[in-house]
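One chain is shown next in structure tokens, namely the form predicted alone.
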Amino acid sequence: MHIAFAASECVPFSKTGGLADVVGALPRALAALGHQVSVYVPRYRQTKLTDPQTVVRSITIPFDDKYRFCSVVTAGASAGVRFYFVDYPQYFDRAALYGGPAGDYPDNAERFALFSRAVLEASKVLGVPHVFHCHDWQSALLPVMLRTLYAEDSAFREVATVFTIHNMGYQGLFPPDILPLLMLPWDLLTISRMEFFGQVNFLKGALVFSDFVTTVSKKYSQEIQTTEYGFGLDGVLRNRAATVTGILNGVDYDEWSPQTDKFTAAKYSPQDLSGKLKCKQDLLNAFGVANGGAKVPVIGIVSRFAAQKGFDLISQIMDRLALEEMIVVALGAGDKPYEEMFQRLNKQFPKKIAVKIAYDNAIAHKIEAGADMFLIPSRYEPCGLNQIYSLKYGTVPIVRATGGLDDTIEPWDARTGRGTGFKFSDYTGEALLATIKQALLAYQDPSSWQMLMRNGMSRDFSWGASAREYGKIYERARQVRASANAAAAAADLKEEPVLG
């Protein structure tokens, strides 16, 4: 089967979050199963290509004000996957992927509409797939265009679409007058299509027009069909619940493994954990922590600093947590209020919390390897990757039981020796503090703690199983598309006038 991915970011070419990791790893796992896989992403300023070759010299993209002309380049194939880059410097040669300090770029709707349409046009030259697999609102217009503007195009009649929601909190909301600018029909501005409280909602369009919808964990696929987690689109998802499912993200153990990690001070394994102590000291040195020692538990945080991530709970409890024997090391960047919150806590409790405001891959690896515990108190978490990395590194996760965090972490039970971490359900500072104290107490028993570490290190969340599940979804999506085409053909036949 030929699957074409369309996404706004992909490692190692561009990244702001976990979406890039998925789009970088899942295609390789699918190719290993024998599928033909293409990946389309924008060519940003950050995209570094070795010997790029132009494969489509000019694609005409109509807008209401004027035509725009983009091209497609490739850097060849890697691990059986061919990567294509939509090249339009006026839109993508910018300092960041989606916006700057002042907020999102004001022309994001135009940028990603051009990208979606360019993918459709390029595929006619480079190979029309059996399935387009689109990711998040930035590629959400592709299934919309496919079933509206391209509805009569015979090249795409049998092509199915699968749309993956990586985070319901980001939907692509724009004013209604964006439709004519993008050459999209006004009849999309209805409650049954893309209208959302007077605005145009790109994500909603994909939920309506895609043949199948997936999310990045089973728990999250259930949560987003509720008012609490649906961000206003829960009704849309409930209406098509039969074609909504969750498939847990995998992780790339070539990149994240304590036995091979190139960023850590020492290597270690479940059979020989001695290297973790060297990693711990190296981590404390990296953060300039002088009061740490081998016996003082270190709690690590690596995250985008945003309201979703639950860091307001840390602010609520830090004065009491600081009374415990422990050190928090936090790495991240994001929303200014949360950056300032962490900096304020560092000044208030300099011996208890160390902070680096940055995106730093090397330091992230040092935290995974050197910390004893890893904290993710998210308000919601579609999947989460850091808790899975932490398991492999023997860094015991402390998580809130939501989304993929709930799917991947089994509560520790010292009596039976089963479990991989610690979980709390209530979104309160009290619940978080009680759970951290439970983990700190368990840490005091070294033999029991090592059993807990090894339990996590033995878990396998590699991409193979998830890729096989996606293969089944692609087949189901093609069946849905075939049924829709058959129903449309029958309706057309019924409407034909009888000549006599």
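Note that the structure is a prediction, hence the values are computed from the model and not measured. Residue numbers here begin at 1 and follow the sequence given.
The same protein also exists as the form predicted together with alpha-D-glucopyranose (GLC); that form is not shown, yet it is the one meant from here on.
Between the options 278, 267, 147, 304, the residue in contact with alpha-D-glucopyranose (GLC) in the model of the complex by a heavy atom within 4.5 angstroms is 304. Proximity to alpha-D-glucopyranose (GLC) in the model of the complex, defined as a heavy atom within 4.5 Å, holds among 243, 308, 346, 71 only for 308.
Among heavy atoms of residue 167, some come within 4.5 Å of alpha-D-glucopyranose (GLC) in the model of the complex. With a 4.5 Å cutoff on heavy atoms, residue 300 does not count as touching alpha-D-glucopyranose (GLC) in the model of the complex; it lies far away. Remark: residue 10 does not count among the residues lining alpha-D-glucopyranose (GLC) in the model of the complex, judged by a heavy atom distance of 4.5 Å or less.
In the model of the complex, alpha-D-glucopyranose (GLC) sits within 4.5 Å of a heavy atom belonging to residue 249. Partner contact region in the model of the complex: 381-389, out of 381-389, 321-329, 279-287, 346-354, criterion any non-hydrogen atom within 4.5 Å of alpha-D-glucopyranose (GLC).
For the three marked residues, 42, 114 and 118, no heavy atom of any sits within 4.5 Å of alpha-D-glucopyranose (GLC) in the model of the complex. With contact defined as any non-hydrogen atom lying within 4.5 angstroms of alpha-D-glucopyranose (GLC) in the model of the complex, the contacting residues in 17-46 are 18, 19, 22, given in sequence order.
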